[in-house]
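One chain follows as structure tokens, the form predicted on its own.
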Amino acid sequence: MAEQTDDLEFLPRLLPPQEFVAEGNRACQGCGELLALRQLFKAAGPDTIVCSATGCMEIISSPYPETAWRIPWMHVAFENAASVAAGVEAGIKILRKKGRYPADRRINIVAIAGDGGTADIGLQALSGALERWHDFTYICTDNEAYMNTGIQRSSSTPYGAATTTSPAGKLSIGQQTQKKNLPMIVAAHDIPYLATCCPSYPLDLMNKARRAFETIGPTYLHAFSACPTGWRHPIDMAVEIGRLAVETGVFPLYEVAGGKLKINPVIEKRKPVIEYLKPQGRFRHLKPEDIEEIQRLVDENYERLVRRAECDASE
């Protein structure tokens, strides 16, 4: 892969041209989740099998009898993407032992689920597959709520966000708990590689994806997925929202390889968190004191991450 660059002029000739998710699908205009998947599967290439849980990406890509996928793809239940991917991986191992599958052919086995299908209903299946050390990559497309079924809160919904099941009002700020730190829960399984990624930084995302796909053993990618429908931001702002999430420290980009955490990039002078919150209707109800509290939480979480990265780098 080419080195990371923010010069968008060079991207057309740096990125693989082949699209594995077909144009003309039924995604909402400005969908950041689909943008992330397009980039991730450019990095994966054609030798890939996808196990996709129920969710936005399944609904928009597979209206019977059609499909938007140009690689082998199967729809699985909401909670078991990791289990099915583990079964696919085990099946290919058996076929190799029987001489019915090329021994030297590397296949990317990928499980996809949203934050609801990962942080909530699918967490036990994911944990089990990681613990059993299946050779696959799990991708969580995190749009911070159950968007496909009506914008209900999930444990990945950030503090202060309004959803249909955590509505803001006179007695409620909206979501009253902090976002579950799922990448660190995954890191506790001591898998060989995991990373957070954002399609607003395509080369960083694709470099991380290729490293995940090339690593033997379970790997995990947590993809920031801006949702104009659920977050109520303009449809042309998905890339900008992603950059603001990183630049404010709301969604830090980092990787954990061999148990050591590295932030990439470290944001020395982070933007105020209000710049990320302001364009989104789900935060429109917040008072100045609420924004101050969110800023405090973001600062605290980011500084904790920096301290761990510095500690890991010194070992």
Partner chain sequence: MGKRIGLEVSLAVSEAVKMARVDAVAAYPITPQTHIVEELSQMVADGDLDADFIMVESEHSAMSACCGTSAVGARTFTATAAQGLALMHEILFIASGLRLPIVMAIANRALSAPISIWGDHSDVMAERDTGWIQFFAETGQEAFDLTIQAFKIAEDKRVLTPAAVNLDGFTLSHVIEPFDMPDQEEVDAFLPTFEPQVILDPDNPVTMGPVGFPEIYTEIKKQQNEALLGAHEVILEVWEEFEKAFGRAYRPVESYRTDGAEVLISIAGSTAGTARVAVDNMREAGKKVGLIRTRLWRPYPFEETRAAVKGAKAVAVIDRCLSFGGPGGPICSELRSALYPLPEKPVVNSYIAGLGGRDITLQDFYTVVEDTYRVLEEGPTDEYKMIGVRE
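Numbering follows the first chain given and starts at 1. Because the structure is a prediction, the values reported are computed rather than measured.
The same protein has a further form, the form predicted in complex with its partner chain, not shown here; the description that follows concerns it.
> Identify which of R211, H75, H233, R153 has a heavy atom within 4.5 Å of its partner chain in the predicted complex; exactly one of them does.
By the 4.5 Å heavy-atom cutoff, the listed residue in contact is H75.
> Sort through Q124, T229, S172, T164 and report the residue having a heavy atom within 4.5 Å of its partner chain in the predicted complex.
The residue in contact is Q124.
> How about R284 - does it come within 4.5 Å of its partner chain in the predicted complex, if we only consider non-hydrogen atoms?
Answer no; every heavy atom of R284 is more than 4.5 Å from its partner chain in the predicted complex.
> Given that the partner is absent here, does G217 sit within 4.5 Å of its partner chain in the predicted complex, heavy atoms only?
Although its partner chain is absent here, G217 would stay clear of it in the predicted complex, with no heavy atoms inside 4.5 Å.
> Can K179 be called a contact residue for its partner chain in the predicted complex at 4.5 Å between heavy atoms?
Close contact is absent here: in the predicted complex, K179 is far from its partner chain, nothing within 4.5 Å, heavy atoms only.
> Do L194 and its partner chain share at least one heavy atom pair within 4.5 Å in the predicted complex?
L194 lies outside the contact set for its partner chain.
> Among 179-187, 99-107, 219-227, 234-242, which stretch has residues with heavy atoms no more than 4.5 Å from its partner chain in the predicted complex?
Heavy-atom contact with the partner occurs in 99-107.
> Give a yes or no on whether every one of P288, Q295 and Y302 sits within 4.5 angstroms of its partner chain in the predicted complex by heavy atom.
Negative, none of the three is within 4.5 Å.
> Using a 4.5 Å heavy atom cutoff, which residues in 80-111 contact its partner chain in the predicted complex? It's fine if the answer is none.
Going through 80-111 in order - heavy atoms within 4.5 Å of its partner chain in the predicted complex - the hits are N80, S83, V84, A86, G87, V88, A90, G91, I92, K93, I94, L95, K97, K98, R100, Y101, P102, A103, R105, I107.
> Quick one: T48 and A103 C-alpha atoms, closer or farther in the predicted complex compared with this form (3 angstroms or more)?
Relative to this form, closer in the predicted complex.
> Closer or farther: how do the CA atoms of A44 and A103 lie in the predicted complex, compared with the form shown, if the change is at least 3 Å?
Result: closer.
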